[in-house]
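Just one chain follows, in the form predicted on its own, and it is written as structure tokens.
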Amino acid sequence: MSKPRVAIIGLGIMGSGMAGRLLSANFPLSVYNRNRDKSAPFSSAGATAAVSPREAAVKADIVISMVADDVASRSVWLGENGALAGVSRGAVLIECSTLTVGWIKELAAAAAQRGCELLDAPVTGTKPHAASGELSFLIGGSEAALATAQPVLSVLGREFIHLGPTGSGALMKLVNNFMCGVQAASLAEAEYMIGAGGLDLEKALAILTRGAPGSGLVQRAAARAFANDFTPNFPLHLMAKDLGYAIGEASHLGRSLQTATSALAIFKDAIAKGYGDQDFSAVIKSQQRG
């Protein structure tokens, strides 16, 4: 059987890694990015560089979006030049961005009107996981659509967790990311205490990362902060966005996320200090003395 034709919309840190994986596996691929310069390496490698999301989606069996937020997602899917205007009936649409549940449900309804199915399939993992095909997909939508998308997702990830109907993947991703943000913010405050109290940083971090607080995220963030390497795998401003989305979603569910609210304040402070485009682990540096 021939491989499905795929379109990827959004060639940022994650989307570019995903596009590279599909090209290496010889999938017919079209790509779109608002900054067309980012499409050039992929067109040189055999992809079709589209001038609009609509053009990218015209011949695709699977359309994948990986963009920053609800506003960006809405702009690439809807409107005269949006992907939904060009997509064929029966195509499976995969929204991999971290978005609000409300927008995902609105998008799914718009997709259904076009005779398509939507999977909300945000991912866990960062830049190296996207490039190596080791992402984990948190999936909401029908089992039939997931089965159709499986050949493509198998190239992009190592794990596919079907969580339930439309919106389930988006909700789980917000839960995941708000907990990550809380851990990073707590580590930032911990490192402040370590420095202010005159403790040896290397010894203190060894105690934290090897002991009960030492989640994988804490270990990686501590290592990056200790090395003073904040090259973005996941930009800090996007973590702040995800914390805000999670707080809003919890409010719809009748809950106030007090830990996420406190963490968001710390991340907003880091953005105000100029760390927004660095890796989210730079929140640690933003809280250091001096």
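Each residue number is its position in the shown sequence, starting from 1. Model, not experiment: these values are computed from the prediction.
From this point on, the text means the form predicted in complex with a small molecule, which you will not see here.
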Heavy atom distance at most 4.5 Å to the small molecule in the predicted bound form, all of 12, 34 and 173 | yes
Quick one: is residue 148 in contact with the small molecule in the predicted bound form, heavy atoms, 4.5 Å cut-off?
-> no
Might residue 244 be said to contact the small molecule in the predicted bound form, defining contact as any heavy atom within 4.5 Å?
-> no
Residue 234, heavy atom within 4.5 angstroms of the small molecule in the predicted bound form = yes
4.5 angstroms heavy atom contact with the small molecule in the predicted bound form for residue 125 = yes
Just one of 257, 58, 49, 68 has a heavy atom within 4.5 Å of the small molecule in the predicted bound form. Which one?
-> 68
Listed residue that, although the small molecule is not shown, lies within 4.5 Å of it in the predicted bound form (heavy atoms), from 154, 132, 75, 88 = 75
With the partner removed from view, which of 95 to 103, 159 to 167, 180 to 188, 200 to 208 is the stretch that lies within 4.5 Å of the small molecule in the predicted bound form, judged by heavy atom distances?
-> 95 to 103
